[in-house]
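In the form predicted on its own, a lone chain appears below as structure tokens.
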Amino acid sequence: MKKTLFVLIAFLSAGICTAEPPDMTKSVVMIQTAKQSYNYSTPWKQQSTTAGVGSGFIIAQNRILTNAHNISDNRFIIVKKENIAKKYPASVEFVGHDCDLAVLKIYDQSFFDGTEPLDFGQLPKVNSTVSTYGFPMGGEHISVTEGVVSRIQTDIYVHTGADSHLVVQTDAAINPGNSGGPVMQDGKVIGVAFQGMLAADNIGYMIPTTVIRHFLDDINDGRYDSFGSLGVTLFPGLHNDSYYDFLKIPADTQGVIVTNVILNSSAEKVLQKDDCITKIDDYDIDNDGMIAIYGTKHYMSEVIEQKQIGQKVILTYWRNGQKNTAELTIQLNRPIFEYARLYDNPPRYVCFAGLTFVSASRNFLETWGKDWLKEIPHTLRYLFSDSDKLNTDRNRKEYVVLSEILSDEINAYADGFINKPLENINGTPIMSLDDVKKAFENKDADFYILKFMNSDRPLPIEAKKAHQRNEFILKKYNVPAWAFMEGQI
């Protein structure tokens, strides 16, 4: 996996718009937040509180649009207009961490007196000029800078570190605080400033209106469902001429090869390994997985990006020398071992007899530090990269890991199992943290025999003594309760 070279600090752009822009002092706002994230290794602990400043802008229905990374893990949000001293408390109405967008709600509706909502435009053209507005570097007044659109492509959104959508690149300088500010062209919003590249000079990115409209359309029903996918892994195998004979595909065919179908996805009813997808809806797919859309070439996922979860696409594909078409429903299809960073919700855990169990997630892996991908144990690295292929059980909700041992006489010999995924307790497979909690609630057992993945040696815990010691251990280490499950203590 490549290390990201991006940073969430928004950007400043370049150029002169061809139309007179609206009075941006009536539309662009400063967002100040108090944040506190979680410790995913000892999940009852929290990190120190930090302060953040970003930008946002007013849209229809008295809402404020901004970046999700501006308000993630927030404890308090206030919004401020230029040249007005009063600060207005706000809350998150909707957030899409996968697309780094959020909508804020202001409690005091007088905030919107004298303001003007901004309208949205279309995807800008390469080499066209844009202007970016916001509050960079903690400034008290709105800053406007100008720049040129240099590229439009699909890329990773740094906020989650895993989700990819369309981005618009500019040659602009980048500064903290611009995040969430509008990028304007001809008096309309054509993007939201959100990240820049550390390894290069004057390269910044905006979230285009194709992604923004998907987000806003999604929340019309009162909740955010996220972006879906086909539920398959694809490979550009037709660059190798031998694949044509191997898959019995006509020589003039172009498309991409299915290498894996995600368990429990809607693709299971339609696609198989070694199918060659040649068309999605009315778009022909080339051997790189690209389609002609928006007047240029983009990855085929852009068709799916236009769809909401539950909507359908028509696929044309080859199998065993036969051409087929089928309808496929777009689903969420998140991996068992979550690749994306998680925000806002406290991590779930079970802490019993000093043994702390957490859900395997990227957040947990990143507790190893900046070079976490190199530093994590090889078993966790293997699960992280190949969980969809390794998991064959439809009932699995997550992988559970022994993340921390609160030392006590009851667990004095457990050190060798730290950071290992839990396979079963007393022979019962562990498919989620709920299964761990249920196993330890069984007081009829003489022992709890814990079996870990890739380990022939079990960990036996004397059940009666474990329950006797448990409350003492929790009190000694200041752990709130032995099981925290989605708001239940």
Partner chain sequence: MKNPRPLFAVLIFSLAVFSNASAKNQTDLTEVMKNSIVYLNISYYGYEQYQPWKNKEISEGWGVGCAVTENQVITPAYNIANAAVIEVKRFGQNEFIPAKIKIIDYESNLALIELDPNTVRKPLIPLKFSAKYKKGAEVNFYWLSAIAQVYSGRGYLDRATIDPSPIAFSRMLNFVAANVSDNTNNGQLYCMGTEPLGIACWSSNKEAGIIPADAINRFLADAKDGSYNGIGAAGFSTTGLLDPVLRKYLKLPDEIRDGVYVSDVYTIGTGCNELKKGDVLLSVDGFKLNSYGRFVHPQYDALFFDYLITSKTAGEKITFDIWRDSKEQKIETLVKNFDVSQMLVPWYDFDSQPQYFIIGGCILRKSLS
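Numbering follows the first chain given and starts at 1. Keep in mind that this is a model prediction, so the values were computed, not measured.
The following text describes the form predicted in complex with the partner chain, which does not appear among the structures shown.
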{"query": "Interface residue in the model of the complex among Phe235, Phe76, Phe246, Tyr413, criterion: non-hydrogen atom within 4.5 angstroms of the partner chain", "finding": "Tyr413"}
{"query": "Sole residue of Ile461, Leu65, Met30, Val436 within 4.5 Å of the partner chain in the model of the complex, by heavy atom", "finding": "Ile461"}
{"query": "Partner-facing stretch of 449-457, 57-65, 39-47, 22-30, counted where any non-hydrogen atom is within 4.5 angstroms of the partner chain in the model of the complex", "finding": "449-457"}
